[in-house]
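In structure tokens, the next block holds one chain alone, the form predicted alone.
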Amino acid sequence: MAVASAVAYRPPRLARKRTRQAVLVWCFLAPSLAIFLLYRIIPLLWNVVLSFADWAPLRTIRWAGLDQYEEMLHDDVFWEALWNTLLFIASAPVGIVIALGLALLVSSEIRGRDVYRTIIFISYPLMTVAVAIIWRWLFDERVGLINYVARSLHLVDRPIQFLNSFVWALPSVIVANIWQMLGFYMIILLTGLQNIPPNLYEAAAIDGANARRRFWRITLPLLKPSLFLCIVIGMLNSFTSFDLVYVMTGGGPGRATELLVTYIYKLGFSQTRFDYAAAVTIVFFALLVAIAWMANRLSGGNAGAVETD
């Protein structure tokens, strides 16, 4: 009777197999989850706590409430860095439009298109620091190639101080950032173009639609997921372009190229104001989430969604 009872209460073989599989999956996931928790979640939570505190190294932490955020409202450097960051983000669609034109060009039947694709894409794998050094040399007022060509063609009388000018410094950094991301945008859009069924274009051509109407009615709507991906990547790149800006201008001249990410770095590691830097980081993160949400809503609200049966 006892043996029969034990058999009756024994878990089914299928349930035991699923339990072993679940344990095995969690064992494989545990290292990655631990690293993610240690280097992502815990620093994020600590950053939130620190933004409401008054703390510095070798000093006891003290509750400060909204003091850091109130100071931010009257911080001219913060507002200028925020404006420069928004301009940096607004430049991403410019690069995407240029990349779309290049993707349409290299997807057509032209001779040597594979070579053109390689040349355009080669800018992306370069290290950002290397890109910054290259463009800093190109914009140099003494030995820079751009000033040399402009003076040789008699377009200017004297060299233009691109990176030392309050007017030209930020546009110069934006140009370097667009050039670096151009190849990546092009590859994403080119993949989207190749996934469009050719019979749609054939049917539209038979119906009498010209190339312009085919682009607006077929190409652009079907490229929406690829365009949204480029926009999100462009925004993230604009938010994290610390190394490019820091190597090219260091945030100068003055605060002409100061971004939120460079301002946070200077607050934390130059001024050792980690509490105020944490508050700026929270605003920085909220701005990123808000812009990503707006981009998703403008794209129809379901961009990037995966269709399931």
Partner chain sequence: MKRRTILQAALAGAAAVAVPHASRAQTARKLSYLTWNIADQEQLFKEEFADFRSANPGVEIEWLDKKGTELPAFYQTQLVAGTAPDVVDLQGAIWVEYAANGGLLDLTPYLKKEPEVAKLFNPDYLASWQYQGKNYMLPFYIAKTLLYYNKTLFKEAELSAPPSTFDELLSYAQKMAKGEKTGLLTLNFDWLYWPLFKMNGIELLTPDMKKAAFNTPQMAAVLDRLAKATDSGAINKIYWTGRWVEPNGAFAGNTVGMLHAHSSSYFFVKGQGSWINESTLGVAQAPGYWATPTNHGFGISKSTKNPDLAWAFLKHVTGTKWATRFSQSRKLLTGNIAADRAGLEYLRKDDPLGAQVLQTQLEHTDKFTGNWPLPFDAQLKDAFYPEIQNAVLGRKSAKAALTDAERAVNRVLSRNS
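Numbering follows the first chain given and starts at 1. Keep in mind it's a predicted model, so treat the numbers as computed, not measured.
There is another form of this protein, the form predicted together with its partner chain, and it is not shown here; the text below is about that form.
Within this chain, Pro31 is remote from the site of its partner chain in the predicted complex, having no heavy atom within 4.5 Å. In the predicted complex, at least one heavy atom of Arg59 sits within 4.5 Å of a heavy atom of its partner chain. The closest heavy atom approach of Pro43 to its partner chain in the predicted complex falls outside 4.5 Å.
Heavy atoms of Gly65 never reach within 4.5 Å of its partner chain in the predicted complex, leaving it off the interface. Of the candidates Arg142, Arg111, Arg212, His154, Arg142 is the one whose heavy atoms come within 4.5 Å of its partner chain in the predicted complex; the others do not.
The stretch that touches its partner chain in the predicted complex, counting heavy atoms within 4.5 Å, is 164 to 172, out of 164 to 172, 117 to 125, 227 to 235, 196 to 204. Shown without its partner, the chain has Gly250, Pro253, Gly254, Arg255, Tyr265, Gly268, Phe269, Ser270, Gln271, Thr272, Arg273, Phe274 in segment 250 to 277 as residues with a non-hydrogen atom within 4.5 angstroms of its partner chain in the predicted complex.
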